[in-house]
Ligand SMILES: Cc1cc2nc3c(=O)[nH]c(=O)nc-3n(C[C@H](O)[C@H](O)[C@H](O)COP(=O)(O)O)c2cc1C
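Just one chain is shown here, as structure tokens, and it is the form predicted on its own.
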């Protein structure tokens, strides 16, 4: 794979252009060249209502597997304090479906007046613009350095009924085609995981150093140790009101205590999502935001399988679902075993 970074930018920003030029000074401008097996940074400039229609229009023209073997990250600027994460999630999902891997912490956001860097400025004696520039350069260095090695084990997390869940049934369809990995499932039962209340930073650090958490329970005894030693995770997430279920969201929130002690950059994140009517993509984008953008898990190509099934076990009756599950398993096998 070419370690040079390809710079894809379809829109301009008078406000941030000089900063973007400093960050991306060592990148190669996109000129309709082949997009597979590249390192790619998307530079996205949102308008006042939160869109970059040029980048969406360009992505729409690309054929299937255009980004096969490529690894990506994003720089997203906004003239308001809003929309950077939501639009980044859209672009990541679209590009991921075209075959792109995304590094952990894949997005640099630059909002109006650099407000999102004020927390960093509390501990770093630099201007907000300089902090943004340094983080941008770090993003590109991590993109250049990214490598995938053979992954050995996978943890599947679910909070579903084995007898009736379409989502868990779909995961089991995928699982039977996964090879070469030690697979373990963990059931997050109702009432076993208390959601995070946001302990003070020092409290969280204290418990993290002791491989524990204020609330203890299954998270400390089973879930956190399993995630700590895992190479890949599958989040089995039915669509609950166009959102991740409360049990699974509590697990994500409680990851903070482990996140403060280690990097998740080498861990791959997959998802299985079934909706009763529509909206699987909204759950997929929530997972992208929580786990790739915020917590820093890497996102392998085609990280998610989605389906729609209304009644218990109806997923089994979807035309072509077995082949779709098999393709998902093949994606896992290829990425985790680092097979070209």
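Positions refer to the first chain, counted from 1. Every value quoted in this text rests on a predicted model; they were computed, and no experiment measured them.
Omitted here: the form predicted in complex with this ligand. The next part is about that form.
J.: Would you classify residue 70 as touching this ligand in the predicted complex, given a 4.5 Å non-hydrogen atom cut-off?
T.: Output for residue 70 is no: heavy atoms all beyond 4.5 Å of this ligand.
J.: Report whether the minimum heavy atom distance between residue 240 and this ligand in the predicted complex is within 4.5 Å.
T.: Contact check for residue 240: yes, within 4.5 Å of this ligand in the predicted complex.
J.: Does residue 119 reach this ligand in the predicted complex, with heavy atoms at most 4.5 Å apart?
T.: Contact check for residue 119: no, nothing within 4.5 Å of this ligand in the predicted complex.
J.: At 4.5 Å between heavy atoms, is residue 304 in contact with this ligand in the predicted complex?
T.: It does not: once this ligand is placed as it appears in the predicted complex, residue 304 has no heavy atom within 4.5 Å of it.
J.: Heavy atoms within 4.5 Å of this ligand in the predicted complex: which of the stretches 109 to 117, 260 to 268, 166 to 174, 71 to 79 has them?
T.: Residues of 166 to 174 come within 4.5 Å of the partner.
J.: Only one of 46, 40, 309, 290 has a non-hydrogen atom within 4.5 angstroms of this ligand in the predicted complex; which is it?
T.: Contact with this ligand in the predicted complex is made by 309 alone.
J.: Counting non-hydrogen atoms within 4.5 angstroms of this ligand in the predicted complex, say which of 299, 55, 274, 284 makes the cut.
T.: The option sitting close enough to the partner is 274.
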